[in-house]
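Here's a solo chain for you in structure tokens, the form predicted on its own.
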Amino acid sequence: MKKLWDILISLNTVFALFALTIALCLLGSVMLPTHLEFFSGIDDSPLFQWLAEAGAPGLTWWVYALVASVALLALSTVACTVDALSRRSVRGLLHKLSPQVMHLGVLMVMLAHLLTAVFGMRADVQVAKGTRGEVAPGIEVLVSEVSAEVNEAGTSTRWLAELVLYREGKVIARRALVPAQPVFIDGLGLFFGTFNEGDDNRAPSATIRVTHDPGAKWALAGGILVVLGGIGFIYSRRS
């Protein structure tokens, strides 16, 4: 057991895992464009959902290996943090705790990605003008107006969708949805996807990208801890 612990807290283990992770990322950068059609949907759904639906282990094995490598890095980080906190230090408390705060921040970012990969949701919902579309259980969106600004060349430059949001049939909010300005409601993010002006005798419609990212707050908190830990470490070194 002690030998396993020594391996986990060894810098050589950390460097080896970093090298493995980088190698798998490089392999992925080659695999993705080589099999672009197969991997085209990897960003349109949570990672583990996509893996479960994709199949083809001959093409996805490196993704599983990358997840395992990052998981081992997280385990090693936890072990190093516990080991460092258990040791007596002749230096100040700030110098001892700052790196561990950074470790904790990195772990929270890893947890954030895990939560999003497992419990996240992404879906495109096309809603015609004057109709409702369900974006989540109990949550509906009515598109009351869809319009676009057109420049002199006849190209659409700015899309706008006026939304009425319903929860279990009752109006809860009215929002204007434009590109790069999403609407957030009940933990969901609504993004303007595409705009249809109503060609071929069809009513104008908007395609709304619906997302649920349970790891977003964890990632933000982790990033803040990394910054604070870094500032504390630099200050303690200067002192």
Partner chain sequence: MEFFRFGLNDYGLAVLTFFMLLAPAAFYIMALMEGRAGRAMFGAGLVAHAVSIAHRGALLGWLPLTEKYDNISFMAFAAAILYYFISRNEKLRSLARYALPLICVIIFVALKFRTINTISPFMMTPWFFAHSLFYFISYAFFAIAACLGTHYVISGDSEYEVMEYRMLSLGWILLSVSLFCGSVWFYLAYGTYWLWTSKEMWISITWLFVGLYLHARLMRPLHGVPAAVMGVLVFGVALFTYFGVGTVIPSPPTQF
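Positions refer to the first chain, counted from 1. Every value quoted in this text rests on a predicted model; they were computed, and no experiment measured them.
Same protein, other form: the form predicted together with its partner chain, not shown, and the subject of what follows.
Although the partner is absent here, Tyr166 is not a contact residue: none of its heavy atoms lies within 4.5 angstroms of its partner chain in the model of the complex. In the model of the complex, Val171 stays away from its partner chain, with no heavy atom inside 4.5 Å.
Among heavy atoms of Pro179, some come within 4.5 Å of its partner chain in the model of the complex. In the model of the complex, its partner chain sits within 4.5 Å of a heavy atom of Ile234. Heavy atoms of every residue among Leu32, Trp62 and Ile224 are located within 4.5 Å of its partner chain in the model of the complex. Using a 4.5 Å cut-off on any heavy atom, the residues of 175 to 195 that reach its partner chain in the model of the complex are, in sequence order, Pro179, Ala180, Gln181, Pro182, Phe184, Phe191, Phe192, Gly193, Thr194.
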